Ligand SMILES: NC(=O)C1=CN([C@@H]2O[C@H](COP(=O)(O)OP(=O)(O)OC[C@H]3O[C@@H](n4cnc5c(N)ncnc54)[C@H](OP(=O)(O)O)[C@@H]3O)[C@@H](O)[C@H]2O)C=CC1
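A single chain, nothing else alongside it, follows as structure tokens in the form predicted alone.
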């Protein structure tokens, strides 16, 4: 019998960010392993004309929840969607809903955050810092609360090389930043933002570090834990391999490379690609929630959910496997044959951006204009390159994350819990995982039919032949221009022709003598 699954039975659980990638997988695992839980409260905002109930129905109607419906047929009755806006005071929750949350909640999983690297400082502070502070204030008024689990990121302290499972101080107190944003106008805020974030690479990582400080300062004797996942990727095992539903991070890179848009990366091939499967993160979250509530640690414990220190995989190895998978399972309607090149300096990177990315996009847009269609490729390519530039900081560096608390927790679990809530990344087979990852992007994100693989392979073969023909024609044209302009090139050409002629003459003479 799983102690963790039994713990969540009969519990009322509040999840922020439940409509996001991590939140959906968390809900699925909770319902599948603890179908007798009482209720899951999710804070939701109407979106694109959809009501709260329609958004819940859309989530439950996805393939992710197919197994849940078998073990928990009444799952829709156990989700209580509450209107909330994390950018407003008290989250704009009604008095009736707030009273229910305060009196009934047993466990909080705070997953909500803005993950945009280029977000404004005001918006990022509101969602990643102020909202965390407000949720902690709510938690302090919950008499039945047993655990508060805050989801941060392993990169919240990426300005350091070695990162321990501790909360690091920021140069400026979060409260001072929150107070100053109330009276500063947007122009001044954006002007001072670079000075505030200092050696953090972006607004996201900086505000997540501030959020951790808020957790430490506003804990109010609550049972709190912080989990820091690295780059969260597709599912490894549960509920099935390769499930993914967004284009963030590596997902967008896989699509861009598979469709032939992305041809080069300014990356350090031997740098560790610290990817962590989303179901591994969720298993750790649920184990931490159980341990925090039952064992009540005296201080706020931090848990790293990373792979690089226990089962490292570098960017080169990952890129090779992704390309190998493209050959077996190509994407439909690829723009060019998938190809990757790791560059390591600014000049080379700029060269590849100009020649390998933008030039073909410009040519294709010219073709679209000539055929009376709207050009779109250059705009799309600029978006891809902008995304890649924001990721360059992370694909050119490696970090060392200690995992003492994570390994301690693993040792505290029973054999059954270690199986049901497995977060031991040492068991992960990277080649198998990456192949399932690419397949998952194709099936669940791009919605491509697997029956179209033979046609996609033929398309890939045509692209390969076009690629070879283009390179051959380009070489002959360049060589012909060199011969016309350079005496040295002509001498080399005549030497090659003469050598080939003598070799053929010798071969014919040898054949005649043997006869």
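Positions refer to the first chain, counted from 1. Nothing here was measured: the structure is a model prediction, and the numbers come from that model.
Below, we refer to the form predicted in complex with this ligand, which is not included among the displayed structures.
Mapping the unseen interface onto this chain, residue 86 counts among the residues with a heavy atom inside 4.5 Å of this ligand in the model of the complex. For the chain shown alone, residue 490 is not a contact residue for this ligand in the model of the complex, no non-hydrogen atom being within 4.5 angstroms. In the model of the complex, residue 304 stays away from this ligand, with no heavy atom inside 4.5 Å. Using a 4.5 Å cutoff between non-hydrogen atoms, residue 152 counts as a contact of this ligand in the model of the complex. Only one of 227-235, 95-103, 286-294, 192-200 places residue heavy atoms within 4.5 angstroms of this ligand in the model of the complex, namely 227-235. Taking 420, 222, 127, 428 one by one, only a single residue has any non-hydrogen atom within 4.5 Å of this ligand in the model of the complex, and it is 127. Residue-level contacts in the model of the complex: of 329, 115, 272, 213, one residue has a heavy atom within 4.5 Å of this ligand, and it is 115.
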